Structure formats: C-alpha cells, structure tokens
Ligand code: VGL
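Let's start with one chain on its own, the form predicted on its own, as structure tokens.
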C-alpha cells in the first residue's frame, strides 16, 4: 500500500446547503467516488468542532465571520459555526459511498486551536495520528482532494510533503472558498513551489 488517497472534509456543512458552503463543493463528490476506485488505501478527515470552538465568530462578541484575530498566538480566520460534533452538518456528505474508507481522522477537536491540516492542529500543536497510520501501512505517496483547496487541502498537502511523502493534489476534485479573489491560484502556486504535483 504505497499510495494513499486522503479525502479532506467532504462534509455536509461544506456543501451548498451547509453552514459554511464552499462554492460548488458538491461537484467534487462524483469525482472523489471515481478516484477512490483506484486506491487500496483511502482515508478521510472530518472537521469535528466542539460547540464553543474559538474559531467561531459567535464566540467573539462584535466579530464577524471573515475577520482575523489572534488565537493562542496564531492568526485565526473567524468562521460561522460549522461541523459541530454530532451535528448533521458534521456528517460525511450524503450521496457518497464511504465504504472504501479505511479510517476517519477527526480534527479541530480542541476548543482553543483550529486544525486545517489532516496531520496536525494549526501551529502543529497536536497530531491527528494520520502520519503514523499511513507510515505504518507503508504509504510513501499521498494524493489529496476535497474542501477547501485554499485552506484544509493546502495545509494537508504542505504537511504531507514536509513529512516526506510524495504528494499530489487532484485539482479537479477540489473547490476553494476564495474569500479573496485568486486564493485558489495562490494556493496552487504555493503547493507547486513546495514540490507538490498538481494533477
């Protein structure tokens, strides 16, 4: 099992009807389903926030989603409440067969620290265990797809590369938030500069 496919945050709250919709996020689902057929090892991530997570704008009176604050010494974009533990929005997206997924790694569980990467909390404050899981199964190549390209996909791919995995991103199976126009292209450039292959 040298090749691993990582499905990043394919959850209801990131779909068009969710609390934090990624534009056209639902378009990646059939592509992801097709790509899964080509991998023996498939894992998924799940944003899994406590209800009072400090990345939620609602936890900071007077602040609005999209504003940036400092949280635990790190820059933090504030988001609408989303992917709250046990909520329908946190569930993996309906309409996708997750049968081939060998394991699900939950992130963002610490109230005080957000977690974009599938491997670590922001600032590498915690580990999800994904690195050890993949290495233990002999994976040396990581392929990434999902939501959102300019946040969690990018962070996951950059960490995979930094950890020594050959890393590739399926561009067609990603969608971006694009809070600022061009964030998707800047993310792709940053990943390419780090030695990540964009397919």
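Just so we're clear, the structure is a prediction, and the values are computed from it rather than from any experiment. Numbering follows the first chain given and starts at 1.
Note that the form predicted in complex with the named molecule isn't included here; everything after this is about it.
Undergrad: Quick one: from 42, 134, 158, 148, grab the residue that has a heavy atom within 4.5 Å of the named molecule in the predicted bound form.
TA: Only one option qualifies, and that one is 148.
Undergrad: Quick check: do 14, 79 and 152 each get a heavy atom within 4.5 Å of the named molecule in the predicted bound form?
TA: Result yes, every residue of the spot touches the named molecule.
Undergrad: Tell me, yes or no, whether residue 116 is in contact with the named molecule in the predicted bound form, where a contact means a heavy atom of each within 4.5 Å.
TA: Close contact exists here: in the predicted bound form, residue 116 approaches the named molecule to within 4.5 Å, heavy atoms only.
Undergrad: Just to confirm, residue 187 within 4.5 Å of the named molecule in the predicted bound form by heavy atoms?
TA: Judged by the heavy-atom cut-off of 4.5 Å, residue 187 is well away from the named molecule in the predicted bound form.
Undergrad: Just checking whether residue 191 would be counted as a contact of the named molecule in the predicted bound form - the rule being heavy atoms within 4.5 angstroms.
TA: Residue 191: no contact with the named molecule in the predicted bound form.
Undergrad: Looking at 26-34, 62-70, 140-148, 126-134, which lies within 4.5 angstroms of the named molecule in the predicted bound form, counting heavy atoms?
TA: Looking at the other structure, the answer is 140-148.
Undergrad: For a quick check, can you give me the residues of 171-199 that have a heavy atom within 4.5 Å of the named molecule in the predicted bound form?
TA: The stretch does not touch the partner at all.
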